[in-house]
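A single chain, nothing else alongside it, follows as structure tokens in the form predicted on its own.
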């Protein structure tokens, strides 16, 4: 093979590997968003702030408490899931029967409260989540990736597979499906839909926190990082189709790889514009999502 062609192939593969890692972080955010929409029928604009809390929790647990990074991942996920239960109880459950626009405004208010509260508590100075995986590299042929990016891909794939299995094959998962398809019918069969709502919201917040804990070491952490996270999450959800877990998986990978290739071959300044361009095209051509079989829920 010609040396120039081989070099271009290596660069392309490197960009795809980087994009895959970014995309799997997006997937964890988007799966939580799509679960909340599918089961609770809530468009949660505060979802990015739970991502932010996961990253901050991991920072303080590892940097100040001295707990191992992998242990901090688990603690951050569980702690933010618990915060999600409280948020659902006080901000969303009382508005369950209100108009969807009222609930949407409530989520916006919660997002502003959490973002400004984080600035007051954690400060405005950027922070860096310390982990040995961010500095150590792994060579896969000619492609070099940090162990942190490999960890993001591996953990995200494992969590998405576990989530899909959980929804399809466990009692709680089937209760979530029933509640999503027909809340009134689910109640008539004896399902406690209030408990299902709380469980789903906490689960989604835990996924967002896990994404923040995984992606946090690859970038600087500020109290506004949730704005970026929820934006990427909504782009992926629209691409994949509202309520579709498999759509979120493929949509996140597609967005991550497209951004990486665009940033590498065109311009880093063009990278974020790719997501906006994709979402406009999807809404014009296939508003139900690229990977959705139809407009109904899944």
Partner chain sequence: MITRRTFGLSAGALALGATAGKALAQDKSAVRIAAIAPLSGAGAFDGQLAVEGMQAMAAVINGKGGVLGGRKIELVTYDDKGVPEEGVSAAKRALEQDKVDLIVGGWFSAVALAQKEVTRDKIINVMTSSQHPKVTEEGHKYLFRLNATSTMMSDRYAKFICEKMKLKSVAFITINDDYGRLEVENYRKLLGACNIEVKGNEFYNRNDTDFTTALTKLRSLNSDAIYVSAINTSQGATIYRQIRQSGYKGTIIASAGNMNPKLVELSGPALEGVYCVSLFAPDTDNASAKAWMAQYGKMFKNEPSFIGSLGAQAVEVLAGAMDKAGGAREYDKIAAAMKGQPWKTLLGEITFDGKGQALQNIYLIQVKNKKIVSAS
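Positions refer to the first chain, counted from 1. Computed from a predicted model, the values in this text were never measured in an experiment. Throughout, rigid core stands for the largest set of C-alpha atoms superposing within 1.5 Å between the two forms.
This protein has a second form, the form predicted together with the partner chain, left out of what is shown; the following refers to that one.
Of the candidate stretches 31 to 39, 65 to 73, 267 to 275, 242 to 250, only 267 to 275 contains residues with a heavy atom within 4.5 Å of the partner chain in the predicted complex. For residue 184, no non-hydrogen atom is located within 4.5 Å of the partner chain in the predicted complex, even though that partner is not displayed. Contact between residue 111 and the partner chain in the predicted complex is found at the 4.5 Å heavy atom cutoff. For the chain shown alone, residue 96 is not a contact residue for the partner chain in the predicted complex, no non-hydrogen atom being within 4.5 angstroms.
Contact check for residue 135: a heavy atom falls within 4.5 Å of the partner chain in the predicted complex.
Residue 228 is the only one of 164, 157, 91, 228 with a heavy atom lying within 4.5 Å of the partner chain in the predicted complex. Screening 106, 77, 222, 200 for any heavy atom within 4.5 Å of the partner chain in the predicted complex leaves a single hit, 222. Taking the partner chain as it sits in the predicted complex, the stretch 120 to 137 comes within 4.5 angstroms of it through a non-hydrogen atom at 124, 125, 126, 127, 128, 134, 135, 137.
Once both forms are fitted on their core, a CA shift of 2 Å or more is seen for residue 266 between this form and the one not shown.
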